[in-house]
Structure formats: structure tokens, C-alpha cells
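The chain that follows stands alone, in the form predicted on its own, written as C-alpha cells.
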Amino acid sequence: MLAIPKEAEEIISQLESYGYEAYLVGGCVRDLLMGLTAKDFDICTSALPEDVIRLFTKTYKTGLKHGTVTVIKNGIPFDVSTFRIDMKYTDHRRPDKVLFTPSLTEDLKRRDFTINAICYHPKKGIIDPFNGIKDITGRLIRTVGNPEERFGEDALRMLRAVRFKASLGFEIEPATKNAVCRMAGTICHISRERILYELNGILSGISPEAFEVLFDTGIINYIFPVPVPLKYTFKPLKSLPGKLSLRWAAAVRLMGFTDTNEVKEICNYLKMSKKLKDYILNVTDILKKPLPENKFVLKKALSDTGIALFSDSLEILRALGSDTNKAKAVKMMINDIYSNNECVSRSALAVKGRDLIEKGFVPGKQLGEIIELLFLCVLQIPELNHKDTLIEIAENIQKAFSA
């Protein structure tokens, strides 16, 4: 018996009380069989969408065209979908038309991978017509039926195969992988937003080195707008924390991209968020410069980039085994800077613009230049960061400007 939410059991029971079949299906069953926490619970049923809407109090017409109604039970959403047969796919993404069917097996037959074509019923137990449990045990990602047919229907499934490899740590079954190699070019039919979603999933997974499959199969040639300089092992990604932006920046570095214009083109092409794009560009810029060799240059860099970005860049160098000794030395300097509470940002200056204005300084460009010089002084000599001292230095600077 699998531990499923009582709300899921209640939905299944209610559908059955009106003469319909109903089962948990897909990823939730796979995850529960693997001892993982299921993120959401999908239910397939012989009931038509209008029947589901009629039988439950709170529903949303999520995808009526494809037979899906979202049922809300105790505040929890459950996608309830009618058994269906997908007709012809002309856009390599979604069926032109679906036919509802009373057959559970026909519904499972049109799903992507065997590990996602398993059903569970609280009383009947597991229904597994395509040996998905065997593939879970063997840690294999295999299409249901002919892989070229499955990928021809929906090209995104090729990237989903790589994402499941990354998230589950499975291998892609040879015939399935060979079909990806042959059909890699059809990924061009998929929207960039969907491609980015799958790439994010690959890099966020427990086995992000699965990114290499994009090179092995040739998909990489169709999802980036510029040629990739080199193909490197992506195993170093695994030793990095699971933060998506960090792993993206590391992956860009591993692919040999150092030109920020090319990196920007990739980010824009994949329609990344501004936040993710800016992070990747900033880390790329940090990594292409020599590491600071003294505290002043380091503090100037920290003031320009921020401690978080700079520390992440050092983490990437560690993972990649680049400039290891220098990176360690820089990290020790950073620790020393922060343990001594040394100023590394203009906001940490002991004197503010308003303090100088109160002393008779005139607001404007020259005052900004004076504050910048004060900041550079403090970066070099931390002991100067006292209000009275900095006011005195500012007065001397102003005299020099006036001379």
C-alpha cells in the first residue's frame, strides 16, 4: 500500500460511487514507489470532464480541451483527467485533437516514459502494463513503445528524458537515447520558454552532469544561438550547491564562454529572467578577470560586485579546480576583511553626504567625487573610517580642488 493523501482517496471513491474508474497516475506514483515525496497528485478517470465538474463542488476548467479538470479538496488541487487517445501531432508538441476513451491501457499507452505510465488504486493496487516498475528498479528511462513515435509526437520529451536522468539519477535506455540523437533537430519546434524550463530542471537535479547528454545527442546545437566553444565534463556541477543561478554560471564557464556578449545572447535567446541573466553575466565577468592579489584590489572588487556574487565565483573556481591556491588565498582575505569589519561598501563609510553638507560642502558632482575618494582611502587604510577623520580628509581634498 502506498501512502497517499486521504483527499485523493476521497476523489477516487466519489468517482467510483457513480460508476466511473479512477486511479492515481504518473509522477506521483513513480515517486511514491521510489520512496520520494510526491509534489502533486494526478488522477486519471473514465469520467468525462463535464461529469467531474458535476460531481465536485470546487473545480477549475484547467484544460478541458485535453480532458483535465482541477478538483480542489480541502484546499489541495488535484488534476483529474479523462482517459484519452491522442490523435495526430503536427506541431511536435500537442495533439491536434484528443479522443476520450473508456480504456485505461489506451490512456497509458500515449504517455511518455514507462516510469510515468504506472497507476495506483487504494484497493486494486498497482497497474503497470508497460513494466515501469522494472525500469524503476533498473534505473532506466525508456519510452512507452517506439521512441521515435513518442518524440515525434512531442519533441520536448527528449529534454524531459535528460531532466529525469538529472533529477532521478537514472540512465537513458540505449534505444531511447539513439532516437534522441536521430531526432535532435525537432527540438526547434519547441518554445524557448519550455526549453529553458527543462534546462533549469537538468541543472537543478541531483545529477546535473546529465547536461552532457545534450552534447552526446547533438541537442545542444539546436538550443543555443551561438556555437559552443568546447564540450567539457560537467561532473564539477555536482559538487556545487543546488542553486540554479550558480550552476548556470558554472555550466557557461564549463562550455568555454567568456565573452559576455555571447553569454548575453544565450540568456536573451532562452528568455531568462533579468535576475538570472544579470547573475550569469556578472559571474562570467568576475571569472574572466585575474583574482585580486591584495586586500585593496579585493575590497574594490567586492564593492563593485557584492560579497555573494564574488563568493559564488570562488565556489565555481573550486569546483572546476581552477586557480585553487589563489582562490583559497582570496577566501582567506575575505574572511579576514569581514572578521575585522573592514569597510567594503560606500554605505559603510563613517561619513555621509549629509554630514559633509552640514559642514558647508555644496551638493553636486564635486561632493560625489570627494566621497568616492574618501571611499578609496578607507579601502586602502581601514583605520581612517571615522567620521571626524574623514571630514578632515574631505576638507583637505576640497582645498586641493580649489587650488
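Residues carry their position along the shown sequence, with the first being 1. All of these numbers come straight from a predicted model, not from anything done at the bench.
Note that the form predicted together with a small molecule isn't included here; everything after this is about it.
Hey, in the predicted bound form, is Gly26 touching the small molecule, heavy atoms inside 4.5 Å?
So Gly26 counts as contacting the small molecule.
Taking any heavy atom pair closer than or equal to 4.5 Å as contact, tell me whether Thr305 reaches the small molecule in the predicted bound form.
Thr305: no, not in contact with the small molecule in the predicted bound form.
Is there any non-hydrogen atom of Phe234 lying within 4.5 Å of the small molecule in the predicted bound form?
Answer no; every heavy atom of Phe234 is more than 4.5 Å from the small molecule in the predicted bound form.
Within 4.5 Å, heavy atoms only: does Phe164 come near the small molecule in the predicted bound form?
Yes, Phe164 is a contact residue.
Answer with one of Ser207, Asn116, Thr101, Asn282: the residue that has a non-hydrogen atom within 4.5 Å of the small molecule in the predicted bound form.
None of the other options qualify; the answer is Asn116.
Of these, Arg157, Arg247, Lys299, Arg253, which has a heavy atom no more than 4.5 Å from the small molecule in the predicted bound form?
Filtering the options by heavy-atom distance leaves Arg157.
Which among 320 to 328, 69 to 77, 105 to 113, 174 to 182 is in contact with the small molecule in the predicted bound form, heavy atoms within 4.5 angstroms?
Only one stretch qualifies here: 105 to 113.
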